[in-house]
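Just the one chain here, the form predicted alone, laid out as structure tokens.
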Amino acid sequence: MPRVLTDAQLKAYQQDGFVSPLDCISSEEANQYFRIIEDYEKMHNEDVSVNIRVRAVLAFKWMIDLARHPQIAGALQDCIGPNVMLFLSGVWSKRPGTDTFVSWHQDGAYNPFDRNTGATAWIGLTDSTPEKGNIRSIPGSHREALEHEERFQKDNILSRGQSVPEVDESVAVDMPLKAGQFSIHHELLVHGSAPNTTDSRRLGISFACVPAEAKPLSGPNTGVLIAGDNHPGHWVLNKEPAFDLDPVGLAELKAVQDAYRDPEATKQITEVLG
């Protein structure tokens, strides 16, 4: 299996907990996907993130194909192993003139698996700059799971407002991307983002993945195989859309969302995390 990441890039991921930026698709192709999302929003008169969330790839075939792009899937394989299972994906929107932000947090603090070895690929469909509120991270913060508070702030994109209480922002680094580029960060990397202060929208898609060998301890045990195979069989594979907004994919998406939001599942996750 040929590697996508260079030795230096893989070393950066291992030491710092992230690697960025990585080239993937052209800015023209990224803009095409951006327009598809805007067309969806005009048709439904709502932001795409209202209903297309948790496992967004089940709504749009182009999105699931993008997750399997050789650059993205290959880089994820370099970071977490040959068998890559997607369990969360979302569209992250920051419109101009809003105070939308993401609090400092670790993705893995809320992932109920038997190991914390997953990673998230985040691809920009628009430029993502410091002024637009790009991802910021704390290098080297991926080595242990930290305690989180739930603050439920109005403009926080994170549903629970999960936050690491104390972060030394003086060591934070920006992770800017051009449209069509992506980053990969370890699931325990402390990261967040500030509001968009420009007059144009920032939009990106996240693909949160774990090795297929990771065993779900609670909540939904379904996923989308991005690369490799489903070994040793801990996961039930989702039915995939044959085209954008395929009723088959949308039914799977609703089932995943219902399982993810189930109060009993949430209780189990809380117990696992202590």
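The first residue of the sequence shown is number 1, and the count goes up from there. Since this is a predicted model, take the numbers as computed values, not measurements.
Keep in mind the form predicted in complex with a small molecule is missing from the figure; the text below concerns it.
Visitor: So, H105, S193 and R202: all three within 4.5 Å of the small molecule in the predicted bound form by heavy atoms, or not?
Guide: Spot residues vs the small molecule: full contact, yes.
Visitor: Tell me, which of Q77, T120, S137, N111 has a heavy atom within 4.5 angstroms of the small molecule in the predicted bound form?
Guide: Of the candidates Q77, T120, S137, N111, T120 is the one lying within 4.5 Å of the small molecule in the predicted bound form.
Visitor: Among the candidate stretches 67-75, 142-150, 171-179, 88-96, which one is within 4.5 Å of the small molecule in the predicted bound form when only heavy atoms are counted?
Guide: Within 4.5 Å of the partner lies stretch 88-96.
Visitor: Examine T222 and determine whether its closest non-hydrogen atom to the small molecule in the predicted bound form is within 4.5 angstroms.
Guide: Although the small molecule is absent here, T222 would stay clear of it in the predicted bound form, with no heavy atoms inside 4.5 Å.
Visitor: Taking the small molecule as it sits in the predicted bound form, is S206 near enough to touch it, meaning that at least one heavy atom pair lies within 4.5 angstroms?
Guide: Yes.
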